[in-house]
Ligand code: 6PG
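Just the one chain here, laid out as C-alpha cells, in the form predicted alone.
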C-alpha cells in the first residue's frame, strides 16, 4: 500500500484541507451529474471538520450531490453524547442546506446484529458494487491511540477479512458494541483518507507509514483502497515522528 502524506501546521488547517478536498470531489461529481457517496467517522477531529463545513461551505459545495453514510456507530441512541451520527448532525447535518434524504445513518439504538444486517442491505441497494462489496467514493477514517480504525480493534482483527460488508465490533475496554464497516468494504472504496491530529497518535503513525513489523498489529495498517493509495491528513503533532 502506498501512502500520501499531507501535513499541516495545526488541526484547523488539517480539517480545512479535507474540507477543500470534499468540495473538489463534490464539484467534480456535480459536473458529471453523479452523486458523491461518503462514509464518515466520529471523534473530535471530524467534529472540527464538520463544524467548519457547516459554518463556511454552505455556498461553495453542491450539497445535493453528497450522500452521507457512516463508517461506524456506537450502540446508543442518536441523541446520546457518544453517538457519531448525533455529533455529525449537531455540527453539520442539521443545516437546511444538507438534504435530509441524503443522510443514511446507522441506527445505534437497534439490536446491533440486526442493524448490521439492515445496513449491509442498504449499502447494496444504494451503492454500486465491485468485487463482491459495495463501493464508496470516499471513506473518511480516524485512528485511535491503539491503532484501531472504524470499530475494528487490535483484539479482533477478524473484521478486516469478514465476508460481510457490515459487522459488529466490541470495544476491548468498555465492552460496548459498535456497528462498523468491515475491512474489505473500506478497502473497496475509490478513495480512503485518514484525518488524524494530536501527538498521541504519532508513534503509531510512524510505524504504519514505515511498514514496520510491529505495525501489523494495528488495524489501521491494513487499510487500503481500490487505487492502492491511502492519504494521511495530519497536523504537525501527529506527524512528529
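Please read these numbers as outputs of a predicted model, since none were measured by experiment. Positions refer to the first chain, counted from 1.
Omitted here: the form predicted in complex with ligand 6PG. The next part is about that form.
S.K.: Of the residues 33, 44, 212, 174, which one places a heavy atom within 4.5 Å of ligand 6PG in the predicted complex?
M.R.: The residue from 33, 44, 212, 174 that makes the contact is 44.
S.K.: So, in the predicted complex, is residue 142 in contact with ligand 6PG at a 4.5 angstroms heavy atom limit?
M.R.: Although ligand 6PG is absent here, residue 142 would touch it in the predicted complex, with heavy atoms inside 4.5 Å.
S.K.: Taking 4.5 angstroms as the cut-off for heavy atoms, does residue 106 touch ligand 6PG in the predicted complex?
M.R.: Close contact is absent here: in the predicted complex, residue 106 is far from ligand 6PG, nothing within 4.5 Å, heavy atoms only.
S.K.: Can residue 84 be called a contact residue for ligand 6PG in the predicted complex at 4.5 Å between heavy atoms?
M.R.: Taking the distances in the predicted complex, the answer for residue 84 is yes, it comes within 4.5 Å of ligand 6PG.
S.K.: Applying a 4.5 Å heavy atom distance criterion, does residue 149 contact ligand 6PG in the predicted complex?
M.R.: It does: once ligand 6PG is placed as it appears in the predicted complex, residue 149 has a heavy atom within 4.5 Å of it.
S.K.: Heavy atoms within 4.5 Å of ligand 6PG in the predicted complex: which of the stretches 67 to 75, 89 to 97, 156 to 164, 124 to 132 has them?
M.R.: Selected range: 67 to 75.
S.K.: Quick one: which residues from 196 to 210 get a non-hydrogen atom within 4.5 Å of ligand 6PG in the predicted complex?
M.R.: Only 201 sits within 4.5 Å of the partner.
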